[in-house]
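First, one chain by itself: the form predicted on its own, in structure tokens.
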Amino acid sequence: MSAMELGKRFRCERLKDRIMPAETAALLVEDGDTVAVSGFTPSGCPKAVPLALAQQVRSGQRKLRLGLLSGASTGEEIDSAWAELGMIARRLPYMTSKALRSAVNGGGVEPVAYTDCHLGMVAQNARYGFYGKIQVAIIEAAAITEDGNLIPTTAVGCSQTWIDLADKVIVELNLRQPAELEGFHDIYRVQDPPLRQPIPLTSAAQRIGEPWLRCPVEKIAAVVISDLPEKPRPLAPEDEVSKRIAGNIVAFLKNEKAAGRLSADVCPLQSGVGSVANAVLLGLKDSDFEHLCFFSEVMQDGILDLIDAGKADMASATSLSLSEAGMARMLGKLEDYRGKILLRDSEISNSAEVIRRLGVIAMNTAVEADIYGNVNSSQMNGTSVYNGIGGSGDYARNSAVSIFMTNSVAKNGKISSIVPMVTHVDHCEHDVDVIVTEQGYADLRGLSPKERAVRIIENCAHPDYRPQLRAYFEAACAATNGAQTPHLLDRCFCFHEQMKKTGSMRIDNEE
């Protein structure tokens, strides 16, 4: 890149003397520090400085045990590399790394204290001081303005809060990220209760903030010029099961429209991450719905397909959680998507107030659901965390319609994803409106617990497991004399013991 082109990206003269190599900037991080990083999923995460820190530990030059905060999960340059070296002492609010998951569950080089959080609450909790003092924020930027403010890259997450709270900020100016990303962001700062004012957002397309992250020049301790590409996670190809789940969700939405419960074609949609969630988006592409809009925390490839096909008018999120092909498509024609995509703080994308006001229809994935509508989205056998609750709770608790989807079976049919009682409750029955599998969907709204049980068993459970579930439910009703929510705890235990013998369930959720 020429000096002239770099000058267009790096417009703050007062920061020119703070340019340094990643290895030098990494020395600003000290053992015992809490480090907060930009990004949300691998998108928008810093890369050069985290890799330099890992190399310094790997070579024996330094020993570091750090607290790590982020908007959601991070890229392999942070979560995986640091966990493999035992660098992470405390982690929140979400993860997808296998190495980090092992460390959290007791199998790593060093133990990791992991705090699972609703992603929409992370920024406020940090400002309240629940996560302790933040010494360093490492923020990836596509450009630095004349005043030292930062243009984010492919995700926002909690970056503004990390900048506000950190003692010092390290900026990674990533020249691999297109300069044309400037203008895609809408950064809005909220006050904390009891001083908070209403968030003035009444549509997914509305702008209410600024196109940059505000950062005092005196707080920036280093600027690292990098050219490292993002490494998006691949999307599994559509299979017949995910297509059937998508078809059942589209069928449900059509019924909602026919009943007059959807304004225009559909209310704003939120979709989690994973191949099943992406299949739902592709299913909408082939449906009769038009003029769709999205108010979500992440955008997957399917949203780009909907925009390209003229089916979706607008998508608001905090992260471009795209596959490698999807990211290349997005970055290759940014001007075509300008005005149709907005990236916001996760405190806004996951705001209970805004989700409820807009009437969002939430679609998230589950590990398992029980016959009464409780959902487990984070734990294996009730003991080992897989990824975390993510943002699914933010949407489930506040949406107009809360949908959870899962395959009816896992482990090649050896495990039922519909069980008598979930081993861990992330979303209680009061926050779950609809359960969808490839077998069908169960609309639970307005039903009693026993009515829910019948509908879930008959509509969502795999035929191979329906006799067992029916037998359990009938025995529980008889033994409890028809109690409100009949359960036989010993029988529940036996059901899950069989799960342990066959292994953990397949997981396909980022949210």
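We number the residues from 1 along the sequence you see. Every value quoted in this text rests on a predicted model; they were computed, and no experiment measured them.
Below: the form predicted together with another copy of the chain, not depicted.
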Counting only non-hydrogen atoms, which stretch in 31 to 39, 458 to 466, 474 to 482, 55 to 63 is within 4.5 Å of another copy of the chain in the predicted complex?
474 to 482
Sole residue of 413, 183, 106, 229 within 4.5 Å of another copy of the chain in the predicted complex, by heavy atom
106
Quick one: of 237, 332, 310, 198, which gets a non-hydrogen atom within 4.5 angstroms of another copy of the chain in the predicted complex?
198
Check residue 133 for me: does it contact another copy of the chain in the predicted complex (non-hydrogen atoms, 4.5 angstroms)?
no
Does another copy of the chain come within 4.5 Å of any heavy atom of residue 129 in the predicted complex?
yes
Find out whether any non-hydrogen atom of residue 426 is located within 4.5 angstroms of another copy of the chain in the predicted complex, and reply yes or no.
yes
Residue 382: heavy atom within 4.5 Å of another copy of the chain in the predicted complex?
yes
Does every residue of 117, 267 and 445 put a non-hydrogen atom within 4.5 angstroms of another copy of the chain in the predicted complex?
yes
Contacts from 341 to 366 to another copy of the chain in the predicted complex (any heavy atom within 4.5 Å), listed N to C, are 352, 353, 356, 357, 358, 359
